[in-house]
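Only one chain is given next, in structure tokens, and it is the form predicted alone.
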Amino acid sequence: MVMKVEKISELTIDRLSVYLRCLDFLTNNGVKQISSQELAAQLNLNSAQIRKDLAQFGEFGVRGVGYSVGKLRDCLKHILGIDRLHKIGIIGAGNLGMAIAEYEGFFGTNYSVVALFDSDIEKINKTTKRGIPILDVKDLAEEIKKSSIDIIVLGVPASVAQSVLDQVVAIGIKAVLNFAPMQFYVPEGVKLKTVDLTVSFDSLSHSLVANEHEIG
């Protein structure tokens, strides 16, 4: 496979992740071959969109035959960079940080939470229910290098989020997941992904209003 080098949209990457989850399901159910139409039917998507997305990275299928589920699955894992282990550090051992650390969805994936960091002396040197250590945030740089952490989750208040982001970027982290509802200055070469629950709830609220209008 020859991967094309071009700017890929965030929506395309998100869809690749959805395709991969479906391919995982198909693999577990013994499916060896699938067409773009069959894959689209599984996902309630347009087959042309799937072919267009995949074509941005190379040629994967055979005309009239479809895709090898196993080969396409391996290729998508490589494209998404999840054919290797990613170690996650969480800054903020509050309710949010603890919930992410205990998230069962990480099991069976190549994502592993290896440490939480906090400044509260009542939490430092304790562990989560699953035994993940809570460390002093002062030891952040040392622990990132020691444990080869390559993804940081910000579970801190918005008031300090930018300064914490600046700190982890200075250490060398290039991938950050953020939950603070605010705008950040992010230097080139650093990927910041913000999860804003309000945006999701706004979408749900809109669907309720739209349904009311249809009924009315």
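In case it trips you up, residue 1 is the first one in the sequence shown, and so on. Remember, predicted model here, so these are calculated numbers, not experimental data.
Form predicted in complex with the DNA: not shown, discussed below.
Participant: Indicate whether Gln49 is a 4.5 Å heavy atom neighbour of the DNA in the predicted complex.
Facilitator: Flag for Gln49 set to yes.
Participant: Is Leu197 part of the interface with the DNA in the predicted complex - any heavy atom within 4.5 Å?
Facilitator: Looking in the predicted complex, residue contacts with the DNA do not include Leu197, since no heavy atom lies within 4.5 Å.
Participant: Within a 4.5 Å heavy atom cut-off, is Phe60 in contact with the DNA in the predicted complex?
Facilitator: Flag for Phe60 set to yes.
Participant: Is Val186 near the DNA? Define near as a heavy atom within 4.5 Å, in the predicted complex.
Facilitator: The answer is no: Val186 has no heavy atom within 4.5 Å of the DNA.
Participant: Choose one stretch from 186-194, 165-173, 33-41, 150-158: the one whose residues place a heavy atom within 4.5 angstroms of the DNA in the predicted complex.
Facilitator: One stretch meets the cut-off, namely 33-41.
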